[in-house]
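Listed next as structure tokens is one chain, alone, in the form predicted on its own.
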Amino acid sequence: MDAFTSVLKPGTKEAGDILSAFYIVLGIATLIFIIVAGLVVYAVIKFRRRKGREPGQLSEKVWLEVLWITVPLVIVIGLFILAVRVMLQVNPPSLGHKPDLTVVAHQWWWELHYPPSGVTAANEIHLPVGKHLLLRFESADVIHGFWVPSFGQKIDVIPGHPNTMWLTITRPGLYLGTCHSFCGMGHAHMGIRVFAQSPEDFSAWLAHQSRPASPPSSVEAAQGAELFREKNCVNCHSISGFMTTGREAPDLTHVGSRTTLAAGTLANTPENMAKWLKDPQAVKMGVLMPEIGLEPDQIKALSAYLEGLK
């Protein structure tokens, strides 16, 4: 799967509009620079100091004064019109529209809600290609920032002040991003992974995510499920069908199907899951998940259970 992380490789129609406007502004700025620099070089050469010669002086040239006032004014007005046009194209009013996805930022992970289906996930966003989507952003604690370079827009995520973003993804692939506002010790490990899929693949993913968690498939995994209860993991985490409704930490209903752990900090493997359960602070300093003092065999059992939640 191709991964996109550059503003120069737009993955949405909106990012393409922003990039086109940038190239127009860059072209105008370059032209102005060439003209001004050329006039300076011309003046330096033509009017360089010579014995017994003074350059001619201009006074009361009304047409020249009108010219150097009018031209910059026309350029500024043109750029203003361009900016307003792009703003309306990229972010039209969202009043009256229900969001296709609500993203809630936490220290230091992302909670995801798909309102039409009732699906709740964490950290890894799945979206369909070709559909005009409205995303709503909320914060559960401090100021965060949603920044996927190929989407073209930075969104401030502010407590008590939801923001929205429209996007129409134009090509499938993996889009990488991060939180762009410093939000505490774990800020550097608050990655964003957006999987853009065909409408059919997205519908299949959504249908799978709406199912309850799979029961333990082995004796070891069943022991891990019991540990999940005994160690009070249910107070913070939620697993659909497991009689738990914790909302302080990521939903783990299908954690085994995700590609990463701890908001992109580790690849999702049994070894890394065990490493995370043993000492979360060693993996992601400042994380709010406590070390719960598991024995090696308990770590193995709990890891087997969580990795089995596909």
Partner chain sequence: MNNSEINASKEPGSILEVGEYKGLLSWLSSVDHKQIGIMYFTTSLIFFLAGASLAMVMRTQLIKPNHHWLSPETYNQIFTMHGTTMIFLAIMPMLTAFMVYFTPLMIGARDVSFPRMNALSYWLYLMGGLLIYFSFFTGDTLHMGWSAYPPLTSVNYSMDLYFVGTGVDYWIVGLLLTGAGTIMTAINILVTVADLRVPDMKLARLPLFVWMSSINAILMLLALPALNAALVMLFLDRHLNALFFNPAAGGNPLLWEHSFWFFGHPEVYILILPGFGIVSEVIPVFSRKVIFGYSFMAVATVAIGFLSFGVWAHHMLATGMSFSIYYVFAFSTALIAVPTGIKVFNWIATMWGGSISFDTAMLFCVAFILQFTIGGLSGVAFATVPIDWDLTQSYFVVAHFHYTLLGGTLFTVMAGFYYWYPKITGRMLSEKLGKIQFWLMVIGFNGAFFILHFAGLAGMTRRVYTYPDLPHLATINLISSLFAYVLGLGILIFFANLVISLFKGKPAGDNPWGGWTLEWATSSPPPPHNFDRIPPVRSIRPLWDLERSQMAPGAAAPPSRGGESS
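None of the values given here were measured: they were computed from a predicted structure. What we label the rigid core is the largest C-alpha set whose atoms superpose within 1.5 Å from one form to the other. Residue numbers count along the first chain shown, from 1.
There is another form of this protein, the form predicted in complex with its partner chain, and it is not shown here; the text below is about that form.
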Is it true that 7, 84 and 285 each have at least one non-hydrogen atom within 4.5 Å of its partner chain in the predicted bound form?
yes
Picking from 140-148, 200-208, 214-222, 116-124, which part of the chain touches its partner chain in the predicted bound form when contact means heavy atoms within 4.5 Å?
140-148
Classify residue 160 as contacting or not contacting its partner chain in the predicted bound form by the rule of any non-hydrogen atom within 4.5 angstroms, answering yes or no.
yes
Looking in the predicted bound form, any heavy atom of residue 102 within 4.5 Å of its partner chain?
no
State yes or no: in the predicted bound form, is some non-hydrogen atom of residue 183 no more than 4.5 angstroms from a non-hydrogen atom of its partner chain?
yes
Please run the contact check for residue 25 against its partner chain in the predicted bound form: heavy atoms, 4.5 angstroms, yes or no?
yes
Counting only non-hydrogen atoms and a 4.5 Å cut-off, give the residues of 162-179 close to its partner chain in the predicted bound form.
163, 176, 178, 179
Large Cα shift (2 Å or above) at residue 35 between this form and the one not shown, core-fitted
yes
Has the Cα of residue 88 moved 2 Å or more between this form and the one not shown, judged after a core fit?
no
